[in-house]
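In structure tokens, one chain follows: the form predicted alone.
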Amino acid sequence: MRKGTVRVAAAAVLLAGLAACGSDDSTPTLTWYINPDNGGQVELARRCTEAADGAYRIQTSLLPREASAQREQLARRLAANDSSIDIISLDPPFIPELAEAGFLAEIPDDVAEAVTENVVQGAIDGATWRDELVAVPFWANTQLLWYRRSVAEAAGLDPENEPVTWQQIIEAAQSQDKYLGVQGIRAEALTVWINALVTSAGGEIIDNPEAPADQVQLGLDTDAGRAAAQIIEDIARNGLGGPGLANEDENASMLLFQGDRGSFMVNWPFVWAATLAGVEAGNLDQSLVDDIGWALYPAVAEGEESRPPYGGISLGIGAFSEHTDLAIEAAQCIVQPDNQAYYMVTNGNPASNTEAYDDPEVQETFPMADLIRESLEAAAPRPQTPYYNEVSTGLQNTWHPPSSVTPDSSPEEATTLITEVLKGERLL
């Protein structure tokens, strides 16, 4: 963390120097509101400022670490017609809310065509609202199934070559007295898991995402919703998620997977670099790395394709910016494939543009790069709705703790709560 802080500070100083020495006061300054990372977005701002050759310069402003706090700050400032917001690094679930409110500038058709060329479908879907691209796909993320080769082999499974189901990995872990790495914490990670299960079962959490709040129809109290609840119940009731399942986030499930009772885990690609770092630091044994394999996200039903989680960041253009044309031009520079490849290698965040995956450094850093790209093509965004905050919070209130989840009641309880909240009949 100290190294990351130093890199951020150094890059910020470098950017400030470039702005002072390479531009005059007449050069438009674009402010890019970024989410916390390891300094990569500051470096991309520097690169694109240099490439602009005096047409504009980009300065960055850091958003809060928590996505919900980012949403709150941006929504409040944009509601006040804040003209200082030129470019925004946006978490996909909040894009429909800002677009519906008129807070994002329109993306011209020719630009939309250019920035979606060779881009994975999951990233395009996540940046689209009402059939229009409303943000520029930047980096994309997805969860893979990580597994201990020894456990899979003992269970007679070959996830690398034959897709596996949740039921298969549940049975494998149970028969060998192992734990499954999943995210059961009452937080966004739980919504991510629920959405992946429901969509992998052929359903959707919201059937009509563009409807007004009081007309939203939920797809939870369905066969797909009950199948999702059944999987969570099976894992929780049998103790397969470990003793801390109700508080288990992505880092906690990684640690569980790295332990002696690790077997299978669904998680983002950051776990690979984190595990290698643990070996380098002497905290983990190389034999653990040698025993780790990766595969596509588990299917809910045999013969059906899974819909892995989709995450990442897209770039929104502030509707009240005084330089929307330049901001759009800068966004196009930021998402160039070579910039995405750099960002993937140095900051660990996968690219949305498929060309970046052919970069030799990407292939070396991420041996599973091709699988990440394949997973992103099949990934399903979380519910695309202006009321995402209410939907996600409602799910977390009714599907937590995981030990309380049951297919007979949880989908119905969530449907009732969220529907009443959206109609203004109840508070979260």
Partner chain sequence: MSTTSAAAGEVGQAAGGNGGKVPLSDRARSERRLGWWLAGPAFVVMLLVTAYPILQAFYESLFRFRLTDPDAREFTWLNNYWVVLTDSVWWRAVGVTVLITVITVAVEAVLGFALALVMHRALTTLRPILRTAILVPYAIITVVSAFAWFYAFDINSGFVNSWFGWLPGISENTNWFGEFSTSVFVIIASEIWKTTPFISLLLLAGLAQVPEDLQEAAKVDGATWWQRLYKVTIPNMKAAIMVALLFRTLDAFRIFDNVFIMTQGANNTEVVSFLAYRQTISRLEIGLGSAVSVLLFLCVVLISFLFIKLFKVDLASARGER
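These numbers were taken from a predicted model, which means no experiment stands behind them. Numbering follows the first chain given and starts at 1.
The form predicted in complex with the partner chain exists for this protein as well; it is not shown, and the discussion that follows is about that form.
Chemist: Only one of A75, L276, I170, I292 gets a heavy atom within 4.5 Å of the partner chain in the predicted bound form. Which one?
Modeler: Only one listed residue qualifies here, and that residue is A75.
Chemist: Counting non-hydrogen atoms within 4.5 angstroms of the partner chain in the predicted bound form, say which of Y357, F103, W193, Y343 makes the cut.
Modeler: Of Y357, F103, W193, Y343, the residue with a heavy atom within 4.5 Å of the partner chain in the predicted bound form is F103.
Chemist: Can you tell me if A114 lies within 4.5 angstroms of the partner chain in the predicted bound form, counting non-hydrogen atoms only?
Modeler: A114: no, not in contact with the partner chain in the predicted bound form.
Chemist: Is A281 part of the interface with the partner chain in the predicted bound form - any heavy atom within 4.5 Å?
Modeler: Contact with the partner chain, no.
Chemist: Can you tell me whether A252 touches the partner chain? I mean in the predicted bound form, with a 4.5 angstroms heavy atom cut-off.
Modeler: Judged by the heavy-atom cut-off of 4.5 Å, A252 is in contact with the partner chain in the predicted bound form.
Chemist: Is P386 close enough to the partner chain in the predicted bound form to count, meaning some heavy atom within 4.5 Å?
Modeler: So P386 counts as contacting the partner chain.
Chemist: Counting only non-hydrogen atoms, which stretch in 26-34, 39-47, 57-65, 388-396 is within 4.5 Å of the partner chain in the predicted bound form?
Modeler: In short, 388-396.
Chemist: Would you confirm whether the three residues I95, R237 and A378 all fall within 4.5 Å of the partner chain in the predicted bound form, going by non-hydrogen atoms?
Modeler: None of them does, since no heavy atom lies within 4.5 Å of the partner.
Chemist: Taking heavy atoms and a 4.5 Å limit, what residues of 192-218 are near the partner chain in the predicted bound form?
Modeler: Residues within 4.5 Å: none.
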